[in-house]
Structure formats: structure tokens, C-alpha cells
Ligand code: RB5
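Here we start with a single chain on its own, the form predicted on its own, put down as C-alpha cells.
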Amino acid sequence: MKVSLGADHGAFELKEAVKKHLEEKGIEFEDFGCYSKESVDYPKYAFLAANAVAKGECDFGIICCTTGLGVSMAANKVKGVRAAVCTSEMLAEMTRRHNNANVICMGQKVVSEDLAMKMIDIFLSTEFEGGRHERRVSLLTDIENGKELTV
């Protein structure tokens, strides 16, 4: 397993903690920045990390900013990425189990470091359930590809 990492200045410290956590778990990762607390534009780093997942260079992504919201919006612009903001262990599990999310987004000012590491462990170890959820995830792909859906 290989994980892409990205963060802006608002979550630089959280990203660094995530790197340490992944190293301790023996999980390979690629750090797409940022590399300091100097102010940067979050869409650039979200795109780099999400794009690595979309291109198959990484299996999953972990992207952080102050709230997790901005980077999730940016990551979801990348075709093939299903990014979800998570603020609880249950959300981290369900977004994998039911939505087959491949990127987890978190906010440094929203979750504690301890909770972030628990969510990462759950996210990376939870399998997609498939079944009826496969049909729903396929609808997301249809929308992404410009297919008009009817109710």
C-alpha cells in the first residue's frame, strides 16, 4: 500500500504527525507538501496528492487543511477521486465501506491528532462493502463522466 499526503500551511503539523504515524506502521507514502507553515494555496497540494491516487501511483490519499473542507473540494475535482471529510471514526469507516472513498480529508483545527490517527487506521484498513453500494458509487462515476441522471 502506498499513500499520498498533502496539506496546506494550516495543517502542516498534522501532516507531519501523519507521516510519523505511517512510518511507525510501515506504510509507504509520498509527501506532496507543503513543507512549512508558510502560507500556501491549498488547491495545489490537494491536487497533487489526489492526482497521485487518480493516476494509480498511490492507493489512497490523506489530505489536510485547517478544516478539511477546502482540500476536499479541490480533491473531488480530480476525476477518479472520491474524497471525504471525516471528523469521527464512524465517518472514516463508512466512507470506505459504503462510498469506496479513496481520499480522506481532515482539518487540523477540527480533529485531535489522536483522533486523526485512529481515523487513518480505520480508513486504510476498511474494505469497500460493494453490493448495493457498488451501484451507487457507479452513479457517481456516471455523473463525473457527464451522464445525465434521472430520478
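Note that residue numbering follows the sequence shown and begins at 1. Not measured: the values here are computed from a predicted model.
Here the subject shifts to the form predicted in complex with ligand RB5, a form of this protein not shown in this document.
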*asked:* Against ligand RB5 in the predicted complex, would residue 65 count as a contact residue? Criterion: heavy atoms within 4.5 Å.
replied: yes
*May I ask you to check whether residue 69 falls inside a 4.5 Å heavy atom distance of ligand RB5 in the predicted complex?*
yes
*Quick one: does residue 9 come within 4.5 Å of ligand RB5 in the predicted complex, counting heavy atoms only?*
yes
*Interface membership of residue 29, ligand RB5 in the predicted complex, 4.5 Å heavy atom rule*: no
